[in-house]
Each structure stands twice: as C-alpha cells, then as structure tokens.
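There is one chain below, alone, in structure tokens, taken in the form predicted on its own.
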C-alpha cells in the first residue's frame, strides 16, 4: 500500500515481475530532498500508468560516512513490469529537475534492476564502507541499468536501498511536503499539536523533546519537507498526522524504513573496532568522566582486549549528566559510532550493567587507645596518633547512594540519529 496525495493505493504483488528503482545522494545542505524526488517520480510513474508496489522505502545507511550530505538516506521504489528504457528516461528527467548539482557534496545516482541485490550489500552499506567499484561490478553482474553523476557515489546508496528488506525489523515514516513557494522559509508547525499527537499515539516515536523544547518533526534544512512522523503502525501515523496543525500540506507519502532499528550497530571487542563503524562494546570504566572545552564529557573503558575513550558530546545535553555519574569499576555496555582517527566512541545509548559502591571519607581514623583523631602523615602515608604514636592506614568511610541506576539511558530526542532504536521500541512487549 502506498499513501500519497491523500489517496490509498493497494496492489497485490503475487505473480508479477518487479522492477526496482534505487536513488541516492540527490539532496543538499542548501536544499533538495531524496524523498521528495521519490514522491515526484511516483507521480510521474502513476501518470504513465505504472503500478507502484507496496510502500516506497527510505533506507538510512552508515551514519559515520564523512562525505554524506544530510541524513544519508536513500530511497527505492518497486513497480510492476514496465519498459526499463522509458523508466530510465522518466527518472533522469526528475533528477535533472530537482537535484542541486552545484553542491560539491551532492553526487546523485540511480539504478534500475529486475533482480533484487543480496541483503548482504545493504548490511555492508549500513555498517561499513562500500566502494564504488564493487557496486558497479555487482550492478553489471545483475544486468542493471544505472547512471551516476559527478563522482557517481550515489550509486552505492541507490543499490543498497534496493537490497534492503524488512526481514528483521522495520518502521514507517509519514512525510509531508510544503508548497513550492514556501521552500527555504521558516516552517509553521504548531508545537502544542505535536505534543498532543505524541501523547495520543504511543506507537509513534522521536516526536518531541520536552526537556530541550525541540520539535523533532520539522527539519531545520531548507528542503521541501514540512514534517515527518515516525512510528510502528501505519494507521496510527495517518491518524496522528490529522492532529498536527501546520501550514498547508502540498502532498504526503508513507515510507517503509529501517529508521529506529539499530541496524547500523555490531558487537565488537575493543581491539576489533574500526573507523566509521557503529558498535556495541562492553567494558569497565577505567578513567573517570571529565569535561573538556565545549562541554563534551569523556571517559575510558577497558575489556580484556584493550581500552577506548567514549564521548557524550555537548548536543546530547542532559545525557551528559548520566555519564558524569560513572565511577571507576562500573561495568557498562556502550552503543555508538566510531571516530575516524582516535577510535573514540560517540555515544548513542549506554546500558549500565554494574555499579561499584561509592564511598567517601568522612573523617580521619580514631586512635583506639586515646580516643583522639589521628593526623595524616602526608598523601598516601597513612595516619598517626600524636599522643601515643599508634598508626593506621585507613580513614573512616561511608557508602553513598548512587544517583544513577542499572539499566539503559539514551541521548535525548534532539540528538538522536535516524537509525538509533529508541528505548520505547527496545522495551516494547
């Protein structure tokens, strides 16, 4: 089922041949949007009487790739049968119309396939780095029609988007678009209505950050998107959109996506982590958290294979307060992306698995003979009673309650990556 322009289309795909269309890297920091281009292409295809099968797919890829434009999202569309040459011409026309080729970071690509690529190419594209050469070899082996523009890097995401299948997990996003004369101007999306929608439709997620007063539905870029609602249930998304008050919606569409699935993460020992990966790594805190210029909080963990820094960057806001409460000996499981040179883990979530006892010195030891407090002999040298000379190595300590608990903590909605699985999805029955 596809929902677009406020109409429902339901198609049975049993027994039909499918052509896959994949598109990537058509957006820009100065405008444009790959999902809007997909929406425009679907309109063209329907006008030419092609039958679109199922939902179009919005597939987020490796979020750590340094040459991505914005959200590193590619799209794919499935249509029933059709003339590849004609579809190729239609796709080129839409790309020529909507892509901002002047942007140095924008390098579009599209593919047409009659055979879906292996799911493994998606897995590699969301977790590691894929080269253009291996993608071209794959496309040639499948007899694909394809075209890349400029450095042609968009072919990688375009191919990966057609390789994704929601075999393990999936979510949906209803995306609304603005009227053309509003592009680049300030969006009008009512915050109160977004909060009401968030509280009414619990199957949606990442809608509003209450602590930081951030409306996550509306992007900050000058792209055609008005707002997007993410969720687990299509019917809830449709009803939820009716609650949101905004400027006029020009059109809307629902995508099937890998957003909020943690597909980018892989479990690794510390010695195995590599640049541009996203990992789940378990370790013991071996250097207490400290704050550096800019408000970033750093601590170090170790396992039997090595040690690494973990960072809660300033945009993670109050999440840093949780990190500051960690002490030596705490056992944690960290989730996050790897920096390219230092192999620092950029935290997305943390699972605190064991908390050490936190003790604080309350006073110097009391002499058992004289009943007087002993005096320190100097740092690390113990204590001595001035009157009788009795010695002691330990002051009096008291255990303090910890201000954090065992369990999961996540960065706030305003700092969350598209692929990161929210705790509300992780904890669902």
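Being a predicted model, the structure only gives us computed values, none of them experimental. Positions refer to the first chain, counted from 1.
Same protein, other form: the form predicted in complex with a small molecule, not shown, and the subject of what follows.
Considering the small molecule in the model of the complex, the lone stretch of 149-157, 263-271, 247-255, 231-239 in range is 149-157 [heavy atom distance within 4.5 Å]. For the chain shown alone, residue 47 is not a contact residue for the small molecule in the model of the complex, no non-hydrogen atom being within 4.5 angstroms. In the model of the complex, the small molecule lies farther than 4.5 Å from every heavy atom of residue 207. In the model of the complex, the small molecule sits within 4.5 Å of a heavy atom belonging to residue 65. Mapping the unseen interface onto this chain, residue 73 counts among the residues with a heavy atom inside 4.5 Å of the small molecule in the model of the complex. For the options 281, 125, 277, 346, the residue carrying a heavy atom within 4.5 angstroms of the small molecule in the model of the complex is 125. When contacts are defined as a non-hydrogen atom within 4.5 Å, all of 27, 60 and 129 contact the small molecule in the model of the complex.
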